[in-house]
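This document starts with one chain, in the form predicted on its own, laid out as structure tokens.
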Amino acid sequence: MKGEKKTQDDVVYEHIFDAILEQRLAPGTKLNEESLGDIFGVSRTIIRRALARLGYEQVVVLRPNRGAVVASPSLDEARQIVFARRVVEKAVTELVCENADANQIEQLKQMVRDEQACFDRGDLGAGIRLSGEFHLLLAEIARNPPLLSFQRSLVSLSSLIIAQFEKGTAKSHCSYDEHFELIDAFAKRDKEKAVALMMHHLDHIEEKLNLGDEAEENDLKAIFSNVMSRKQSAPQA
């Protein structure tokens, strides 16, 4: 929406979208229309329009007579999101190699420098958001509106599955070093290298997620680890 005057529902939509990207809004969070209206100083009609857009992108679930909640993708849905992300990122990467000009390359570099600065000063939320926005900017540079629409949904859904399925010791934000390597390939219009780097980049993110068949069982074991430890340490009758 650059260059366009933002409506009230644009502003609300962007605030909620950013909060999901930054993982400040966790999966399953209730989005009360009245509370959001008070926060943003707008009517519930405005809030409903913003939530409807987020619902269209599948990052918010609109429940009749029960209100909206932030989506909580299932394990199977998480796998589908990862697969779809690979398909879209490959197409976007190829188009960026064809379309990116010198100004856009510099814009990408500045975004990654900002991303790095956020992580360096410990602002993890802003760093994660900029990591996602890097991929959204690529989709804008690709100059294919349907791909951009898909990417907006997939990047925010990716943030949700990271929040749900991240391995305990993992840090699943993008690597800014890998972002710089991608930019170099874009600048050289090296499509083959750029696609390989993007797939490798996505591999690193996926490796930090627990998406195997044992994920749900492991989650329960982690939740009740204190019970299991007491059971194991109890004397046998």
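From 1 onward, residues are counted along the sequence shown. All figures in this text were calculated on a predicted structure; none of them were measured in a lab.
The discussion below concerns the form predicted in complex with the DNA, not included here.
Picking from 197-205, 23-31, 53-61, 179-187 the stretch near the DNA in the predicted complex, with a 4.5 Å limit on heavy atoms, gives 23-31. Residue contact with the DNA in the predicted complex: I39 places no heavy atom within 4.5 Å of it. Of the heavy atoms in K193, none are within 4.5 Å of the DNA in the predicted complex. In the predicted complex, S175 stays away from the DNA, with no heavy atom inside 4.5 Å. A residue is said to contact a partner when one of its heavy atoms sits within 4.5 Å of a partner heavy atom; V70 fails this definition for the DNA in the predicted complex, lying far away.
The candidate spot formed by D9, R48 and R66 lies fully in contact with the DNA in the predicted complex, as each residue has a heavy atom within 4.5 Å of it. Residues of 124-161 that come within 4.5 Å of the DNA in the predicted complex, judged by any heavy atom, do not exist; none qualify.
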